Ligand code: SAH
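There is one chain below, alone, in structure tokens, taken in the form predicted on its own.
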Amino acid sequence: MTTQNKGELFVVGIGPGSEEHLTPAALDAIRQAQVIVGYRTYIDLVRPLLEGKEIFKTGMTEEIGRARAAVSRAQAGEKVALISSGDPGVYGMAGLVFEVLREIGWKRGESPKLHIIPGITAMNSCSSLVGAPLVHDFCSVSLSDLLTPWPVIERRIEAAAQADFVIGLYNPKSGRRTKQIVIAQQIVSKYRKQETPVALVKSAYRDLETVILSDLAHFLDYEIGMLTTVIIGSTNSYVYEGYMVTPRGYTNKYSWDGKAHEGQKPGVSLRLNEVGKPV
């Protein structure tokens, strides 16, 4: 196959969806693409960028069909952008694309040429609206058990809570799936105080955006749905002036004049040798 007819598949993270939060690389990939493939809600978010392009859109739970369509069109020689909210490699379409490529026996160098374009994750965008909750170690867990057995999810919540991670919960609740978020709250409560800050962010940077700052004891009193991301603080997280903050720990080591506390070894700047290598 020659370079001229080799298709390209861009798996594009659109972040929250507005143009101002798309990276230049994501915008460029969408502009280059002849065909846009995506979930209809995400298509609508970037529709002003899609004039003159062929659009292939499907509904929720039709991810396999979208991935197959995108790979097939790109394999045939077209430039295709498969769009994914947030980052395509974080609960996004990139993994499914690789499963399709593996199924058909695709090899590097064959059509399509593959580009994974990163985007702002839901954790990133939601975090920015509530302060700085992710400045220290954190993890994310999806509470959807459509693809992952609930006992596995429950073990992961237990491990994250016990390890004192800040915990981001994706897909926390739906119309038919209501008990999981309650169980998650009960698990975390075994390891953290009830006043631990908890943020609830729905539709970050979108028209129906809502931001609520609560605590572990009371966050279940608020409306939580599939579009909500729940951020549960660690034992060190706190609220200051309406912002949720997880300190990195600088003041455990240094005083405000920059000097290390007694018994603490100060950090040193990176030193390079004569050929520019770290020493």
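Because the structure is predicted, anything quoted here is derived from the model rather than measured. One rule holds for the numbers: they count along the sequence shown, beginning at 1.
Absent from the display: the form predicted together with ligand SAH. The rest refers to it.
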message: Would you classify Val35 as touching ligand SAH in the model of the complex, given a 4.5 Å non-hydrogen atom cut-off?
response: no
Using heavy atoms and a 4.5 Å limit, would one call Ala69 a contact residue for ligand SAH in the model of the complex?
no
- Query: Does Cys126 make contact with ligand SAH in the model of the complex, using a 4.5 Å heavy atom cut-off?
  - Reply: yes
With the partner left out here, check for me: in the model of the complex, does some heavy atom of Leu134 sit within 4.5 Å of ligand SAH? no
Among 75-83, 109-117, 204-212, 180-188, the stretch whose residues bring a heavy atom within 4.5 Å of ligand SAH in the model of the complex is 204-212
>> Within 4.5 Å of ligand SAH in the model of the complex - does that hold for a heavy atom of every one of Val166, Ala217 and Ser234?
In response: no
Partner-free chain; cross-checking ligand SAH in the model of the complex, the single residue of Leu101, Ile153, Ala161, Val90 with a heavy atom within 4.5 Å is Val90
Picking from Ile43, Leu227, Ile30, Val239, the single residue whose non-hydrogen atoms come within 4.5 angstroms of ligand SAH in the model of the complex is Leu227
When ligand SAH is considered in the model of the complex, the residues of 161-177 having a heavy atom within 4.5 Å of it are Leu169, Tyr170, Asn171, Pro172
